[in-house]
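Quick heads-up: it's one chain on its own, the form predicted alone, in structure tokens.
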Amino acid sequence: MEFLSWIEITLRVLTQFAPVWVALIVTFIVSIKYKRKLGLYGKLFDSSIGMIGFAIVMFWVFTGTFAGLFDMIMTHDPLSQVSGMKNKVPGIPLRGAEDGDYAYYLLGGDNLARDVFSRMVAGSTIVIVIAPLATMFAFMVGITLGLPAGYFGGRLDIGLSFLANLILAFPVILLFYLLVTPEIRMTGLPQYMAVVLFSFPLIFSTVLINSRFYIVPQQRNLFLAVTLVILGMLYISLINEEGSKITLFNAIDMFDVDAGLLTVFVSVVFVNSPTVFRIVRGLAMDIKTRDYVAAAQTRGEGPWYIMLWEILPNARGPLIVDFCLRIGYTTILLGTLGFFGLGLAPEDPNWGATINEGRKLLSIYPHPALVPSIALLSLVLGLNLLADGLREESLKD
């Protein structure tokens, strides 16, 4: 069996991503066809920059989804080591390949004889799960605290702003390092932080539904019951992992979360929340002076109704743009943590850890570090282009 040429490697890599290309084509066809009915998302397809960014981001979203849920795209087990494949160049035949094995390491082997291509694909699954979810939780915290701080002002604003500035005063990397070190994890501090931070989606949903349907008690109570049961079970499952110091409600614990993953997740939410708080607070202080807010106050609407149904919808443009940018920042932070070996398990195929392992022999074997570096760069670039496209279209509203 001979080495593959670069043309053959490229064609085989593109073929492995066939499900992703199909999903992208279908997504674009449907989105463009119905773009006039899809609000700001539909307007994104009027922006060439936004479309390019969206395509790059969705490429990695589909890659991570197909790899994580359906075990597709990857050619080998990202953790398996094959004798004789250490630091091999791209396109090398697999030694001792048996029936059913993919015959090549398309992008070569790393310093532990693992397939670089498969580890790059598997690493996308970690990013597309943690980065958007952690950013969403940070927005839940920032919105829930930022709206009343900006709307009411006074001592509430002073107190919450002081706490936000106190957290922001710490260097981000140092704060991450402190939160994810084994000594801190053994104290149970990240889990206790999760108890507080993960409660904000419950609080936000409760206030949102109550403020909207408070004049229809039966409908409000039904929505609240369904929402709180679902979110409550997810909340308990998230904070009550195996070996937890908090042992309440084990009977309804639906799944366990890896301690390292939980620590990284909590750390990202904790670091991003103060920045989101300041953005939401500033928007609320500006929008509360508008005429439609005064009209809602004249109608006798409650403060939370005004904040959530008058102010927040009119702040959606800047918040959506910041959400995309913040996912990019979070992706970089996850890569940084992985690079320093903090949080996630060392053998995890996350991009940061893979880059760190590959850099040790960068001058001799560049491919183990370059492949995940390009993947990380492309995802962050796509998120930035997507944010630019959304900003461009939101300004036209």
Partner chain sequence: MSKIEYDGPILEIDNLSISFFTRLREIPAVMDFSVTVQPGEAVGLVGESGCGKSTVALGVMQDLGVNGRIVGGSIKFKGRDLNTMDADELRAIRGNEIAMIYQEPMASLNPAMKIGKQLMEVPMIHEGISEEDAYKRALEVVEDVKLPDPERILKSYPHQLSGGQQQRIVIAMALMSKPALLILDEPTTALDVTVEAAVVELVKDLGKKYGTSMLFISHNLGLVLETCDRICVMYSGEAVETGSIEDVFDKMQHPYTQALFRSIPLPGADKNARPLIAIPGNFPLPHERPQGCNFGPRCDYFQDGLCNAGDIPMHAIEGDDRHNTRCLRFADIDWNAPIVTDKVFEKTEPGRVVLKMDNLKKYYEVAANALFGGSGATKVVKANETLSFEARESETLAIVGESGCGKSTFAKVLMGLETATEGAILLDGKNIESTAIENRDTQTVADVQMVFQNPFDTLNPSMTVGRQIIRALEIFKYGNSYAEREARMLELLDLVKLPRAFAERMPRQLSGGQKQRVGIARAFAGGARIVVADEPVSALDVSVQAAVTDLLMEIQRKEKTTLLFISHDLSIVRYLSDRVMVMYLGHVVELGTTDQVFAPPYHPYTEALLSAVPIADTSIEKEHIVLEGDIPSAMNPPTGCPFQTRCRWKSKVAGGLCDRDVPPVRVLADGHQIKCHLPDDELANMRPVIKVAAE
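Positions refer to the first chain, counted from 1. What you are looking at is a predicted structure, and each value in this text was computed from that prediction instead of being measured.
FYI, the form predicted in complex with the partner chain isn't displayed, but the following is about it.
For the options 234, 222, 294, 285, the residue carrying a heavy atom within 4.5 angstroms of the partner chain in the predicted bound form is 294. Interface residue among 96, 154, 300, 84, judged by heavy atoms within 4.5 Å of the partner chain in the predicted bound form: 300. Taking non-hydrogen atoms only, residue 75 never approaches the partner chain to within 4.5 angstroms in the predicted bound form. Contact check for residue 215: a non-hydrogen atom falls within 4.5 Å of the partner chain in the predicted bound form. Proximity of residue 125 to the partner chain in the predicted bound form falls outside the 4.5 Å heavy atom cutoff. When the partner chain is considered in the predicted bound form, residue 309 lines it closely, a heavy atom lying within 4.5 Å. No member of the trio 12, 80 and 101 reaches the partner chain in the predicted bound form with any non-hydrogen atom inside 4.5 Å. Heavy atoms within 4.5 Å of the partner chain in the predicted bound form map, among the stretches 107 to 115, 67 to 75, 194 to 202, 309 to 317, onto 309 to 317 alone. Applying a 4.5 Å heavy atom cutoff to the partner chain in the predicted bound form picks out 393 as the lone residue from 376 to 393.
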